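Consider the single chain below, provided in structure tokens and representing the form predicted on its own.
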């Protein structure tokens, strides 16, 4: 039988809930420094994704008889969320890649792309 060396010490790992609390605290602290306009965009993205999930849940319960309608609604929500994430990236002051792009131009691009997206969605409805 082999004996363990006397110098070996066992390090006790912290509990999972302690790690989770520490992670949540650090994320809250970092997010507190986020500008308000980015928080508003984050809320919009969250709303769009929740709306898509509600539509998928509704389809699961009731059914997807007009499948074009279901697909149009979900793709509209997901497409709008993607465009909002792109807006967030462009408006973020910490992002050096878009430092020369004025926020008004980024918002105009967002509105124009949303208009095109929803024209395609309406056309897909039939």
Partner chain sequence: NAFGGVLCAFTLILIGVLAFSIRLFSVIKYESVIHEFDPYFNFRVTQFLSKNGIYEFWNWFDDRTWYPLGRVIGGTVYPGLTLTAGSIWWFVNALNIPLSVETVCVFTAPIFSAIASWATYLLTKEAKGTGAGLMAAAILAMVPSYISRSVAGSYDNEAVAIFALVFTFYLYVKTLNTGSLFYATLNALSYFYMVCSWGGYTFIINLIPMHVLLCIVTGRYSSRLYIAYAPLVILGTLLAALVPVVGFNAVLTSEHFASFLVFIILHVVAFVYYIKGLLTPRLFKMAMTLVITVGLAVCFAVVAILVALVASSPTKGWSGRSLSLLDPTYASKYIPIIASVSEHQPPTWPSYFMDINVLAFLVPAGIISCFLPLSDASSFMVLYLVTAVYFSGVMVRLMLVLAPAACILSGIALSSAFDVLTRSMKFQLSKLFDDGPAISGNGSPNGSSASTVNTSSSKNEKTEKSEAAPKEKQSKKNRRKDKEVTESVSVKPKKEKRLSVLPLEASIVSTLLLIALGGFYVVHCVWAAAEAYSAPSIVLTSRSREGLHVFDDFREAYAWLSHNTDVDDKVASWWDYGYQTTAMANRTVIVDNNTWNNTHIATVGTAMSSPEKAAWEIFDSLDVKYVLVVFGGLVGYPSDDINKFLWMVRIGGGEFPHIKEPDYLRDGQYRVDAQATPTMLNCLMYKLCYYRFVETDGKGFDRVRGYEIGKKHFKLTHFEEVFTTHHWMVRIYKLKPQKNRIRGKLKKLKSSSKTSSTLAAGRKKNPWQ
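Computed from a prediction, not measured in an experiment: that's the story for all the values here. Positions refer to the first chain, counted from 1.
Another form exists, predicted together with the partner chain; not displayed. Remarks below refer to it.
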{"item": "Residue 31, heavy atom within 4.5 angstroms of the partner chain in the predicted bound form", "value": "yes"}
{"item": "Distance check, residue 37 to the partner chain in the predicted bound form, heavy atom within 4.5 Å", "value": "no"}
{"item": "Touches the partner chain in the predicted bound form: residue 98 (any heavy atom, 4.5 Å)", "value": "yes"}
{"item": "Interface membership of residue 27, the partner chain in the predicted bound form, 4.5 Å heavy atom rule", "value": "yes"}
{"item": "The partner chain in the predicted bound form: contacted by all of 44, 53 and 56, heavy atom 4.5 Å", "value": "no"}
{"item": "Residues in 109-126 close to the partner chain in the predicted bound form, defined by a heavy atom within 4.5 Å, in order", "value": "109, 110, 112, 113, 116, 117, 120, 121, 123, 124"}
